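This document starts with one chain, in the form predicted alone, laid out as structure tokens.
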């Protein structure tokens, strides 16, 4: 759709491969390579991985299919989708929550971490390894995030890169970028895995990651696994609903959803293979939390032969993963502005980009010791509201809507008007009606602990 076309012609993906690459790119982000490994380390290793895989299969995948179906049937961005479906205005709440949570709030703090990846790509080649080798990687990170002006500059740079892609449109911008970034991401990941598993002492890390000890399971393990599955698959953020609106009517939604969820899960599992053998081989603690990527891993790389190169590759990998997700988050907000206010794509991207930059400044500065919100800094508070409130609530409502109020139309959409045989249809119905809503309701209730 050109700027002069307005709303006359809706954009679509140029190919099935391009759509899957873009959807998988959205799902494959910081959640896989930054968040997944530190949760594995925190929650006991392989036992967490098993629970995560089960939840992704029986809860995450059914909800993804449901969101794709809503988007394709409506051919609209999340806020206007439910009006297009001629259902109760109440359900538009799903679209509003997805747009606010995904398009604006999540991207506001996501850009901050994206900016960190750019800083670390540069620093990997300009002295970070010497600092980390001296045992000062934690001090380096604290010093960096304590300089708010520097964090804001890198945040703005990351956002500018994202905007540059999204301005290009769906097929010529997002799809084209993902066709390049996704294969590159895989190649870098394989290089890092080969280096990691061939280090002396890597066996201990492989055992921690691949041999489940179910005695380590706690209630928090299940909560973290459910939250991680939804965060990683980009559910409840308006992304899959928006991407679904660009899918052609001939596309097979179940298989596309399976490919998207499968690629996302594979990358998360590969990230663990790249990280844990190296962490154990170098004698570091796997449960070091959110600082695993930016504090522990630089110290790990510093002790490796050619550590500078592997540090550079890892943070380049992290950047690629972050930008493929940030593009999808920005597209949610841009699509809303295009449809709601009849803006051109360029106007929409510039407008919402500026708003998101301003919204992200409190997150960028709060880590330097800014004001607290009931004991949390602004960055943690924004992440909490998105991951523990808006994301599960939006996903819950979407599964309830599809499972109980829109099921015949959803089945029609999923089976391409009955032309496509979906052997798992009854299982999907059971999951979207009962399993997903009940599990999401539990995570929502249990997660409301500020």
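Note that the structure is a prediction, hence the values are computed from the model and not measured. Positions refer to the first chain, counted from 1.
There is another form of this protein, the form predicted in complex with a small molecule, and it is not shown here; the text below is about that form.
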Pick from 329, 170, 274, 297: which residue has any heavy atom within 4.5 angstroms of the small molecule in the predicted bound form? 329
With the small molecule left out of view, choose which of 231, 82, 301, 314 has a non-hydrogen atom within 4.5 angstroms of it in the predicted bound form. 231
Taking the partner as it appears in the predicted bound form, which of 142 to 150, 171 to 179, 234 to 242, 255 to 263 has residues with heavy atoms within 4.5 Å of the small molecule? 234 to 242
Contact at 26, 32 and 391 by the small molecule in the predicted bound form, all three, heavy atom at most 4.5 Å: yes
is_contact(residue 293, the small molecule) in the predicted bound form, heavy atom dist at most 4.5 Å: no
Does any heavy atom of residue 336 come within 4.5 Å of a heavy atom of the small molecule in the predicted bound form? no
Would residue 363 sit within 4.5 Å of the small molecule in the predicted bound form, counting heavy atoms only? no
Is there any non-hydrogen atom of residue 108 lying within 4.5 Å of the small molecule in the predicted bound form? no
